[in-house]
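You are given structure tokens for the same protein chain in two forms, set apart as structure 1 and structure 2.
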Structure 1
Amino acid sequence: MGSARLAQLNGLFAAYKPPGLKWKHLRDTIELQLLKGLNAGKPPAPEQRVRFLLGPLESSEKKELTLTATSVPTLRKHPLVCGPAFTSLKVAVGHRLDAQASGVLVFGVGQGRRLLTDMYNAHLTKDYTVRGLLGKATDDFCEDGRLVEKTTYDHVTREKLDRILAMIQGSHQKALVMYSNLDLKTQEAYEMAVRGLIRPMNKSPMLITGIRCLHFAPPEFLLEVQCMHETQKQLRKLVHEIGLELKTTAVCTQVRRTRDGVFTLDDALLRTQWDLHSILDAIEAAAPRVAAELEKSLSLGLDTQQLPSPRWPWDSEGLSSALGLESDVGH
């Protein structure tokens, strides 16, 4: 029964990491809870083994001895002798979150760990809400770091902030096009740019595809950032730089990931739901969306690869390998 549920435990799911918890501890907690759920199933029926026993032959009166095969119970596979059936489980983590950040954290179990690599190679964007505080500057850009500077912020208005954010988005848009290695003069690239589908499909520094201010009440402000290839520390540095652009200083009080690829806040499991049953349900719910997104990204990847070099026709090997990949991902 446990092995049946282990067979179902293949895929991706998302958990909500609370602030103050290291991602490794969360991964270990999830592994322990899954093992607890798997070992809690019904114990298997007691095993028997065949032994050849010497006994008298009933029919003859001469007391002949003969070997009879009998099935006797054995304690060799008893759980108290062998220990629990499942002792370790491979759980992998997607894009990590540092200890002070919170939000959606994607995990992969079993065959889903392969999908994590595919998700990474799909280079999907992530959404964050970043809370900032004007008037302070610290060494690690967090509120509880060592204070470096204190400034006034009365001159800061909503328009100034929006102007700065628009400037940031514009410069990052240029960088997006540059890192995606697309020749914008072609028709296909232009169409993709119009639809907003340009993004780099290999390594690049942090790129912000969208940034806007949700709430401004000095000294606090709330930003929504859509970005890729980022770390949370770079986001905090971004807040610090926004403060510098506004001719004041700012620290970051909260970094919260609201979306990672396909997984949103609604899909994220809270602490009370970190158990086998909820995780199995979450995997099942997320599986079709993940497959669809990966297929889309893969086809997009194929298109962009062909664009810069239209002279070479489609290679037979390239085609078959691409198709092979697609069928793998689709399952």
Structure 2
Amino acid sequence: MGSARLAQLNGLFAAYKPPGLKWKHLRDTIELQLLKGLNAGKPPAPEQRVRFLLGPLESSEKKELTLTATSVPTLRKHPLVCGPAFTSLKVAVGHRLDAQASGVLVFGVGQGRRLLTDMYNAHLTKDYTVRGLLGKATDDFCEDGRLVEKTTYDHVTREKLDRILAMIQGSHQKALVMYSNLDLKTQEAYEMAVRGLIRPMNKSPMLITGIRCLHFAPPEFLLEVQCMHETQKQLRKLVHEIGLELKTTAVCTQVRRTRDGVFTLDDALLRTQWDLHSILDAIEAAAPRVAAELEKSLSLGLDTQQLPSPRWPWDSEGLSSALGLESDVGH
């Protein structure tokens, strides 16, 4: 029974990582729960072997002993003798989340570990909700960091914030086109742009494909960010830089990933669902969508000519630093 279930553990699934939990601890917990599920099945019936046991004769009045052929179970493969059948299982992690962040975290088991590499090569976008707090700055851009400065924010309006976000999105979209190595004068580039399939063909800094304000109630505001090649620290720094562009300061109070490729919050398994049965169901449900998305995304690289990496499209300081366009790549 356990071997049959192990053969089905091939694919990708998503779990919800709560804030304050390291991704390694989450992976280890899932591995432990999978092993428990594999070993919880009813063990097969033990093999029988014939042994000659010494016992009294039934028809004899005297206490005479004789050897009698008897079938007895073989205990050499019993779990209490040799231990559990499954003792190790490797689970790979996709785009990671740091300890403070929360949200969708993708895992691969079995052949799904290779699919994680394909997802990386497909340069799929991810969605985040990022909360900010105006009026103060810290050394690590987080609310609980060491306080560096306090400022006023009465002059900040929703219109000013939307204007800054529009400039950020425009600058990043230009950079995305450059890193996609596409000729904008071709029909192919136009069709890819219409379908939203323009993606970088190699490594690049963080690229934001969409950003907007969902809620604005000073000093708090909530952003929705669609991006790729990011780290959570870069998103926190983006909030800090937005505050500077608004002539004030801001810190990030929450980073939550709501989508990673084809996986959304609806697909993410909660803590009570980190068991073998739920994970098998999640792998089966996600398999068709994963295959379709990877086939569509990876086929773009076959039709696009690989060119040398383009020159940085920005050289000035100021707003360019606020756009989060940095040389390090987040995975």
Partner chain sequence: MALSAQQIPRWFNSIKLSSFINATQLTKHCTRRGKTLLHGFSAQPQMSSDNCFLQWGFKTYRTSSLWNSSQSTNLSSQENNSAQSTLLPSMNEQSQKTQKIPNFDSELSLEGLDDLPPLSPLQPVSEEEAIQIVADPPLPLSSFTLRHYVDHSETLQKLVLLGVDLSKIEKHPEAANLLLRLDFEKDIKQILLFLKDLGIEDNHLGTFLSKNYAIFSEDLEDLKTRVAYLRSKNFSKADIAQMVRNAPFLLNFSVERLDNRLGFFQKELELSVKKTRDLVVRLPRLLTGSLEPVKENMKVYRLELGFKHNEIQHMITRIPKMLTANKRKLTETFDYLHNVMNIPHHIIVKFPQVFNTRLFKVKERHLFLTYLRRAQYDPAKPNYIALDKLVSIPDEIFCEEIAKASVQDFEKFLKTL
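The term rigid core refers to the maximal set of C-alpha atoms that superpose within 1.5 Å between the two forms. Values in this document were obtained by computation on a predicted structure and should not be read as measured data. Each residue is numbered by where it sits in the sequence of structure 1, with counting from 1.
K.L.:
Form predicted together with the partner chain, is that 1 or 2?
P.N.:
The form predicted together with the partner chain is shown as structure 1.
K.L.:
Look at Lys36 and decide if its Cα position differs by 2 Å or more between structures 1 and 2 after superposing on the rigid core.
P.N.:
False for Lys36: its C-alpha shift is below 2 Å.
K.L.:
Verify the C-alpha shift of Glu47 between structures 1 and 2: is it 2 Å or more after superposing the core?
P.N.:
After core superposition, the displacement of the Glu47 C-alpha between structures 1 and 2 reaches the 2 Å mark, so yes.
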